[in-house]
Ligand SMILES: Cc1cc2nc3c(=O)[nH]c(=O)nc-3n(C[C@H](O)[C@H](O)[C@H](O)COP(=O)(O)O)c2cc1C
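Only one chain is included here, represented as structure tokens and corresponding to the form predicted on its own.
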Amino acid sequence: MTPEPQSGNPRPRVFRIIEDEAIVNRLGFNNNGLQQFEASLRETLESPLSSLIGVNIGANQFSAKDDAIEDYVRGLEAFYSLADYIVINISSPNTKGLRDFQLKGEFENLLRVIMNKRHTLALKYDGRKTPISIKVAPDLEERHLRALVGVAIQYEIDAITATNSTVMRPSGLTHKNYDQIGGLSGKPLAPLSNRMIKNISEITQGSIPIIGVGGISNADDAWQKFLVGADLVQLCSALVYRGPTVVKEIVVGLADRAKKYDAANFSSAVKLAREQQKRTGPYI
């Protein structure tokens, strides 16, 4: 969601690579804007829901740097009392300049404003602290990642979502659509995403929950995300290729893997599995 409506990039802007269950997209954050989305969300919330509502907010495509920060503030204000959590998207490859917010100075300026606004909103809504996650790219150099995570720890961010799509193209990809400009998601993203999750986990030492995203299409993929450091997982491209039933398949598969560790709960099983991995070999 961006504050003002925007149509995104010209079509065609989504390209499937069926053989690899991959997608290249350059959508450009197309959406109907804050006002219409807020109205739709309020209508949805009139009926009781058993699922969590997450709102992903970004800056408008043609906003200048200072205006872009205000775009995030507007999104935070609009959905603070409605969402179960809010994702600050600073990693979309299809909005010019957006990824600059991942650099330490830019990120610190943005996060300072966001967390100050969160403090004000918490007072307004009787102490409610809606969790905030930062969504990062899989293409960040390690030095930039360490600096970003350091700032996230300093400002006590609630979670890190790792990762968005990648502008890189892993070796061995030959389909003509891989040459299209845009972010790559789906199965080929998994190794990059897993490496980023592992690095973040090692830097934070478990102090910040990690939402693992990228290349999950079955229970094995999801389990691997937990092994390398994720606390929660999300998927997107697999829904395109396998439909919504893949979610149940993954949940059942994860439960079966957890049972092998005779643990009290899923988190305990993951902890035991990670310890076993450390003894038997590398994560990735």
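From a predicted model like this one, the values you see are computed outputs, not experimental measurements. So that there is no doubt, residue numbering starts at 1 and follows the sequence shown.
Keep in mind that the form predicted in complex with the named molecule is missing from the display, and what follows is about it.
Trainee: Give me the residue from Val228, Leu235, Ala258, Ala222 that has a heavy atom within 4.5 Å of the named molecule in the model of the complex.
Mentor: Selected option: Leu235.
Trainee: If you check Asn89, Gln102, Ser201, Thr95 against the named molecule in the model of the complex, which one has a heavy atom within 4.5 Å?
Mentor: Spelling it out, the residue with a heavy atom inside the cut-off is Asn89.
Trainee: Counting only heavy atoms and a 4.5 Å cutoff, which of 125-133, 74-82, 112-120, 164-172 contacts the named molecule in the model of the complex?
Mentor: Heavy atoms within 4.5 Å of the named molecule in the model of the complex occur in 164-172.
Trainee: Check Asn32 for me: does it contact the named molecule in the model of the complex (non-hydrogen atoms, 4.5 angstroms)?
Mentor: Asn32: no, not in contact with the named molecule in the model of the complex.
Trainee: Does the named molecule come within 4.5 Å of any heavy atom of Asn194 in the model of the complex?
Mentor: Although the named molecule is absent here, Asn194 would stay clear of it in the model of the complex, with no heavy atoms inside 4.5 Å.
Trainee: Any chance Ile23 has a heavy atom within 4.5 Å of the named molecule in the model of the complex?
Mentor: Flag for Ile23 set to yes.
Trainee: Flag Val246 as yes or no: does it have a non-hydrogen atom within 4.5 angstroms of any non-hydrogen atom of the named molecule in the model of the complex?
Mentor: Heavy-atom contact with the named molecule at 4.5 Å: absent for Val246.
Trainee: Quick one: which residues from 30-51 get a non-hydrogen atom within 4.5 Å of the named molecule in the model of the complex?
Mentor: The stretch does not touch the partner at all.
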